[in-house]
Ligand code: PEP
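In the block that follows, a single chain appears as structure tokens, in the form predicted on its own.
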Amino acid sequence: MKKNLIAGNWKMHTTPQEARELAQKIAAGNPQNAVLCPPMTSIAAVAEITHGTAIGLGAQNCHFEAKGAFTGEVSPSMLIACGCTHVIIGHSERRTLFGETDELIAKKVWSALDAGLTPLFCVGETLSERQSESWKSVIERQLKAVFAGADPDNVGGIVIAYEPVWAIGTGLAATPEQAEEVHVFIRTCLHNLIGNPASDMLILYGGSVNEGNARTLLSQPNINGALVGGASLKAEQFLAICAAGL
């Protein structure tokens, strides 16, 4: 199984007009494997451009409840009503800057999946965890929070995104060999947790992916795409990464 999904995480960038212009440039390239994840205020603008195309539309976060007194939050069903097909959950910035726990992230993953969204569920280790060789236990813990005890028949809609925290926005990227090693480990953990469905699950790499390193990363057997940050804000670069994944 080899299928490369390229998701662009625009983070806290682009006004609605800027997002519309960027989405238009990307849509003009007709990528067949792309998902765009603009900030919440720009989702509607991007939806106008991606509607009727092969481009998926994602949000960067959601709440786990369907509705209620949760000021400032947005539910999965609200995202779907805005045209979203995907949602990023558990990004390292949500974990480290906003204190999201494994348990909270697991609730969000299952709520999004139950509502009909494709969760892009992020896992990954910090630099100190990588250097201390504890990265395996960290990633296994993060995966168990979502998949331990899960019905294997219900997990197929989840996409995993491995993002070494030390490589996000730093210009550093794991070598293809390092990334492949972790992706193999993730797939092995998934096999232990959910069995055969693990073979078909997409595992993306995220961490300073750019047009220069995309092809070698995406050529690895267990890397099934990329979660792209800064390079996704430049249409030409993002399209080049999408092309590298075909």
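On a predicted model such as this, the values are computed, not experimentally measured, just so you know. One-based numbering along the sequence shown.
One more form of this protein, predicted in complex with this ligand, exists but is not displayed; see below.
Peer 1: Using a 4.5 Å heavy atom cut-off, which residue among 168, 159, 155, 105 comes into contact with this ligand in the model of the complex?
Peer 2: After the contact test, the surviving option is 168.
Peer 1: Is it true that 4, 203 and 225, all three, sit within 4.5 Å of this ligand in the model of the complex, judged by heavy atoms?
Peer 2: Not a single residue of the candidate spot has a heavy atom within 4.5 Å of this ligand in the model of the complex.
Peer 1: Give a yes/no on whether residue 93 approaches this ligand to within 4.5 Å in the model of the complex, heavy atoms considered.
Peer 2: Residue 93 belongs to the contact set for this ligand.
Peer 1: Report whether the minimum heavy atom distance between residue 125 and this ligand in the model of the complex is within 4.5 Å.
Peer 2: Although this ligand is absent here, residue 125 would stay clear of it in the model of the complex, with no heavy atoms inside 4.5 Å.
Peer 1: Spell out, yes or no, whether the shortest heavy atom distance between residue 207 and this ligand in the model of the complex is within 4.5 Å.
Peer 2: Although this ligand is absent here, residue 207 would touch it in the model of the complex, with heavy atoms inside 4.5 Å.
Peer 1: With the partner left out here, check for me: in the model of the complex, does some heavy atom of residue 230 sit within 4.5 Å of this ligand?
Peer 2: Within the cut-off, so yes.
Peer 1: Among 39-47, 186-194, 22-30, 207-215, which stretch has residues whose heavy atoms lie within 4.5 Å of this ligand in the model of the complex?
Peer 2: This holds for exactly one stretch, 207-215.
Peer 1: Would you mind checking 148-163 for residues with a heavy atom within 4.5 Å of this ligand in the model of the complex?
Peer 2: Just 163.
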